[in-house]
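This document starts with one chain, in the form predicted on its own, laid out as structure tokens.
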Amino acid sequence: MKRYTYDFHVHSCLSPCADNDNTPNNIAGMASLCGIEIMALTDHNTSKNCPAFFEAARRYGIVPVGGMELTTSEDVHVICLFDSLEATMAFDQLVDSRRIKIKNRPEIFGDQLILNGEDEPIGTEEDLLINATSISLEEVPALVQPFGGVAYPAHIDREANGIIAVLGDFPKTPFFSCVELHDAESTAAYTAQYHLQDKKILVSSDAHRLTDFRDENDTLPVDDEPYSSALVRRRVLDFLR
């Protein structure tokens, strides 16, 4: 059993609120400098930069995880992770059908760049990605399950789009096996106040720019023998479930 350093909440230049410098290769390179061994790309309501991210991460010896930061109809942010790129992109298609399409205004929100594995632009997302979808919080666990995914509320210790800030408490349903904190120092207080003793607590950066990456990252145990990146991803998601 090995402990892997992780960051499961990172944005690329496809997220309108992220810097254009957050290209797949720049993200992977910065993660490598910070000692991150397994990392998820979780752009807002899309996974279209995940193929490029997988290619870049492998160059730097990082285990890539496909994901998304889904915005529910209640405006709650939820991290969705998957154990294969194929499942990630299939979920991306489902979410795309449930998005509320509003034309992006790049001069206000950002460019929403889709890149290839060499960080070359191959397109842009024309509709804004940061607004709410028509997917309710109650739906999320059942939606990710057919894709072999796991979902959990993002940055519950933040005011903006955190489940507690939006709903006023941590709901008993739907059931989430994990929660994400932005600051590790919040763990004890939030666990006690919101009765999270039955949850796995994850801490991630929510990096929107390269300077958001951290030199000190949390770890989780993974039985990675016989080693392959696919096995590590699968074991990580099994652990989070």
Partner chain sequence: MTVHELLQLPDLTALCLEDGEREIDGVYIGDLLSWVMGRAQSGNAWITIMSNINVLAVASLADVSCVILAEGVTLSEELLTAAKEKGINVLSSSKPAYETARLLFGSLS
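It should be emphasised that the depicted structure is a prediction, and the values quoted were computed from it without experimental measurement. Residue numbers count along the first chain shown, from 1.
Although not depicted, the form predicted in complex with the partner chain is the subject of the following passage.
Trainee: Only one of 115 to 123, 159 to 167, 92 to 100, 143 to 151 has heavy atoms within 4.5 Å of the partner chain in the model of the complex; I'd like to know which.
Mentor: Contact-bearing stretch, as computed: 159 to 167.
Trainee: Indicate whether the partner chain has at least one heavy atom within 4.5 Å of a heavy atom of residue 74 in the model of the complex.
Mentor: Yes, contact at 4.5 Å.
Trainee: Give a yes/no on whether residue 106 approaches the partner chain to within 4.5 Å in the model of the complex, heavy atoms considered.
Mentor: The answer is no: residue 106 has no heavy atom within 4.5 Å of the partner chain.
Trainee: Should residue 128 be classed as touching the partner chain in the model of the complex when contacts are defined as heavy atoms within 4.5 Å?
Mentor: Judged by the heavy-atom cut-off of 4.5 Å, residue 128 is well away from the partner chain in the model of the complex.
Trainee: Taking the shortest heavy atom distance, is residue 78 within 4.5 Å of the partner chain in the model of the complex?
Mentor: Because no heavy atom of residue 78 falls inside 4.5 Å of the partner chain in the model of the complex, the answer is no.
Trainee: In sequence order, which positions of 104 to 122 have a non-hydrogen atom within 4.5 Å of the partner chain in the model of the complex?
Mentor: The stretch 104 to 122, when checked against the partner chain in the model of the complex, contributes no residue at the 4.5 Å heavy-atom cut-off.
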